[in-house]
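Read the single chain below, which is given as C-alpha cells and is the form predicted alone.
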Amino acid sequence: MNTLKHVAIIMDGNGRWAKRRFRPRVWGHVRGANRVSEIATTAAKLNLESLTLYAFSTENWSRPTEEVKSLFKLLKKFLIKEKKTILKNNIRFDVIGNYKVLETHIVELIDDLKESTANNTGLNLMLAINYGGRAEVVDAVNRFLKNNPLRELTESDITDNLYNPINQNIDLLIRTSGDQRVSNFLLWQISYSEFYFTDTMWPEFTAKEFKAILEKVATRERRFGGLTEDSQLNPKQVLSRDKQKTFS
C-alpha cells in the first residue's frame, strides 16, 4: 500500500441514494458529509500523503438553488465541527478551486482552518470547491504567461502553477456510485492514475471498503508508459526462463 501516496475521490451518489429511500436529495448530502471525516481520518492513519475530495464542481452551480444552499451549509458545518479532529490527526487542510467567491463567513472559516493546520505534517486533505479541471489548467498557463511573457512553457511550468503543486500526480482516482467518468476532475494530475469505480454510493462508502480498494490497487503493476522485464523479452526467452524456474 505504500506505493500509493496521492488518492482522489469523486464522492458521487448522495442524491440517488436518498431518492431510492424516498427522501429528499439534501438528506443524502447530509449522510454523505458524515463520510468525509471517516475517510480522511482513515487516510491519515494509513499514512497517505494526500487525499483530494471533489466537494463542489464549477458545474454544480446549475443545480437547484436550495440544494446548492444546503451544500454550503453542510460545508460550513464541516469546517466548524471537524476542526478539532483534523488538528488531532495532524492533518493539513487546503482547498483547490475558486472558493473566494463564496459567502464571506465560509471563506473566513476555510482560511482559518488552512492557517491553523499549515504546520501539520500528516495527511494533506484537500477539498475541491468551485473547482474545474480545465479551468485549473487554463489558470496555470495564464499565471505562467503573466510572470514569463517571453519564455515557452514546459510541462513542469504548468505543474508548478496548478492550484496546489503539492498534489502533482494522483496515484489513484476512486469514483463511487457506479458511473465511470472523471467529470472534469484533476485532469492534469490523473494522467497516469489508476482508476477504481465502485457501485457503492458515497453515503455507504466505509473505511473498510476504502482500505480494501487501496490494498487491491496496490497490487496492480504500474509501468508509467515503460516496459516490465517480461515485456522486454521475446517469447522464446520468456519460455526458456519459465522452464528454468520449473525445473530449478
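Residue numbers here begin at 1 and follow the sequence given. Keep in mind it's a predicted model, so treat the numbers as computed, not measured.
The following text describes the form predicted together with a small molecule, which does not appear among the structures shown.
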| item | value |
| --- | --- |
| Answer range among 192 to 200, 42 to 50, 205 to 213, 61 to 69 for contact with the small molecule, defined in the model of the complex as heavy atoms within 4.5 Å | 61 to 69 |
| Contact label in the model of the complex: Leu186 to the small molecule, heavy atom within 4.5 Å | no |
| The small molecule contact in the model of the complex: Arg181, any heavy atom under 4.5 Å | yes |
| Touches the small molecule in the model of the complex: Arg31 (any heavy atom, 4.5 Å) | no |
| Proximity of Trp27 to the small molecule in the model of the complex, heavy atoms at 4.5 Å | no |
